[in-house]
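Quick setup: one chain, the form predicted alone, written in structure tokens, and binding and motion questions come after.
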Amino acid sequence: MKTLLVTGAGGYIGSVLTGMLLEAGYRVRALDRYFFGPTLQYLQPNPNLEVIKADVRDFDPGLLEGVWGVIDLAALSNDPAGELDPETTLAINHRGRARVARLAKERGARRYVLASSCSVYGFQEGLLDEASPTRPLTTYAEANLRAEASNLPLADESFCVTALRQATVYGLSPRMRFDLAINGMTLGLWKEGRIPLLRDGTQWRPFVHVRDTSRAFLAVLQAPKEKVNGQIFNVGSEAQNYQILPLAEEIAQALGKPFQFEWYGLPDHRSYRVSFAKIRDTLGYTPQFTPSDAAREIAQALEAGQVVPDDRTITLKWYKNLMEWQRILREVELDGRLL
């Protein structure tokens, strides 16, 4: 049985992917800070799951002993959260993951898969593929691009390195997020009868279901090395390149509700359409789920009380809470010393 180290295992994608890896017959060391709670609790007890609370910036390299492969998901996720503290974002999303890849190679791991993002394309016209120019507009996107630049050159005959540029992810997860476009649209329509839309609705964005992007990581792990070593793959499908306003209409139709929406924020400065031909032609990968599938699934979970929209489901809000609590604890500690 092959052992994998999964960083960011408790996150939105990681908490889904970890379960799928266990089902596929891997032994998983699930490393995370678990800021959003014990999101892997649903998988325990499982003799093939080891939950490790640690940080990619300083974890014990001994955790890589006996590891065949690494899936590196650890990151401060999404653009707004990335701008909350840009230096920390770069420290984790770039330098932390560069450390993971370097240590994995030194400790004899055979495979390494980096979770990157299609956000590296920024604002561009036309259908973009892996050879298209990158134009990162945020710290989050820049950190992903730097991690690719650091880690892909480590690839050689004994160490297979692959980067997956994921479309915007959606769908149910044990670490649920309602700050993602499709999930937020569904919540708004279910809760308020209106879909919140970031102006001006004409921006293009590619999408992929959380279980489908998890399948892409599995596909890379199981692919012949010569097909994926040193390669970048966009993850998604051309059919799920959407303009935001028509996408919202599709969500309303899927839930059988009148299409009502409200604008928020300044006009989005990100807009891009992406080609997914490379992963389809190389690995035979095509997504199985649609935004309509996810909207119905999320609405049913909300109705059943299986998922509760609270501060933890909004990444930026939860990070701000954590930062405030940390500040208060420091003040309490200081007051105690002064007393």
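Residue numbers here begin at 1 and follow the sequence given. These figures come from a predicted structure and were not determined experimentally.
Quick note: we don't show the form predicted together with a small molecule, though the next part is all about it.
Comment: 111-119 is the region of 155-163, 222-230, 125-133, 111-119 lying near the small molecule in the model of the complex, near meaning a non-hydrogen atom within 4.5 Å. A residue is said to contact a partner when one of its heavy atoms sits within 4.5 Å of a partner heavy atom; Lys105 fails this definition for the small molecule in the model of the complex, lying far away. Using a 4.5 angstroms threshold between heavy atoms, Thr168 counts as touching the small molecule in the model of the complex.
In the model of the complex, the small molecule lies within 4.5 Å of some heavy atom of Val56.
Using a 4.5 angstroms limit between non-hydrogen atoms, Ile13 touches the small molecule in the model of the complex.
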